[in-house]
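First, one chain by itself: the form predicted on its own, in structure tokens.
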Amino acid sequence: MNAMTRIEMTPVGTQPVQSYTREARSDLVRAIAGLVGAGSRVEADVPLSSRTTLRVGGPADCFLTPESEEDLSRAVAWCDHHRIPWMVLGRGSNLLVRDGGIEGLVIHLNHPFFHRIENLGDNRLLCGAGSRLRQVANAARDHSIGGLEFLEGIPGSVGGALRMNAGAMGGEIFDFLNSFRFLDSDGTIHELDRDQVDYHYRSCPMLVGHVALSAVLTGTPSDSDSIRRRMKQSNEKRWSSQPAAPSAGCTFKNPARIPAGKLIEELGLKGASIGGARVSEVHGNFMVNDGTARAADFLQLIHLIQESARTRAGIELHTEVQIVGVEP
């Protein structure tokens, strides 16, 4: 195991001081498999292009789908102790994985245990971190809980939404958060109320390096038919203003002066393309994959837009999409 323990832990999206060898990857897979139960799935060299909405990206060295919080805790604590980089992959939206893939361990909370949604009463839902946001919106509708309709249009999971304070149609998930549970890098589970957490527009910094496990969301009383109508209106608005082609959602955070999509349109960059990556003609803040793109194409296109915004409009555009992994 010495080949692995020499690797320095670095933030997600950067390259370790010393790259893995194939031997180290095999050791990592065997070590993780030995830590978890038979119901957890451990795989090597899993392509991530099929697990992200942008449809690009290299493989994960080791891919774990844990069946329980205990297995997840053991794997994270072991990686932290051995200084092995790790990250959590949700539904793969809002994510750009570089063509070299992700070194270390990628954790996917796709086991049914992490998908549970329970009605707690008093307009509250307990949602596992792996729950799809659309499922949460549907559950809220079925239990006559209003306010969560906007989640229906976000193609992600509860855990990822908490990490990014995801929002749409004027709502953000932290607006409706009561409390959440998370796992720290030592494998210890904590629970916090919303007012104990520092969160911002499209960011919850404390969840960097931690794993969201579940959340209690609180809505308002409403009848299911009214909620259904609002969901239908939201859905129609979304599909009339957003592209249907594969994308990662909004590429850039909105700067203070002007929405990013409008700025990109004013810069004349709608339809701009590099390789198989293109700025959508439908919405300037969406970049789409024509089916042939590589991650490198999107990275170059992002750089082109940022340079144009900086030099022509004096505006710094910061990415909302999370860029992770290493170069080939």
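What you see is a predicted model, and the numbers here were worked out from it, not measured in a lab. When you see a residue number, it is the position in the sequence shown, counting from 1.
This protein has a second form, the form predicted together with a small molecule, left out of what is shown; the following refers to that one.
Segment assignment from 116-124, 158-166, 140-148, 216-224: heavy atom within 4.5 Å of the small molecule in the predicted bound form:
Contact-bearing stretch, as computed: 158-166.
- the small molecule: the contacting residue among L177, A77, L207, V197 in the predicted bound form [heavy atom, 4.5 Å]: Here the answer is residue option L207.
* Residue (of K232, H82, R238, K253) lying close to the small molecule in the predicted bound form, criterion heavy atoms within 4.5 Å -> For this set of options, the contacting one is R238.
Margin query: Can you tell me whether G101 touches the small molecule? I mean in the predicted bound form, with a 4.5 angstroms heavy atom cut-off.
Written below: Outside the cut-off, so no.
Query raised in the report: in the predicted bound form, does V136 have a heavy atom within 4.5 Å of the small molecule?
Result: Close contact is absent here: in the predicted bound form, V136 is far from the small molecule, nothing within 4.5 Å, heavy atoms only.
Notebook entry, point to check: Does N110 reach the small molecule in the predicted bound form if we count a contact as any heavy atom within 4.5 Å?
Noted result: Output for N110 is no: heavy atoms all beyond 4.5 Å of the small molecule.
| task | State yes or no: in the predicted bound form, is some non-hydrogen atom of G249 no more than 4.5 angstroms from a non-hydrogen atom of the small molecule? | result | The answer is yes: G249 has a heavy atom within 4.5 Å of the small molecule.
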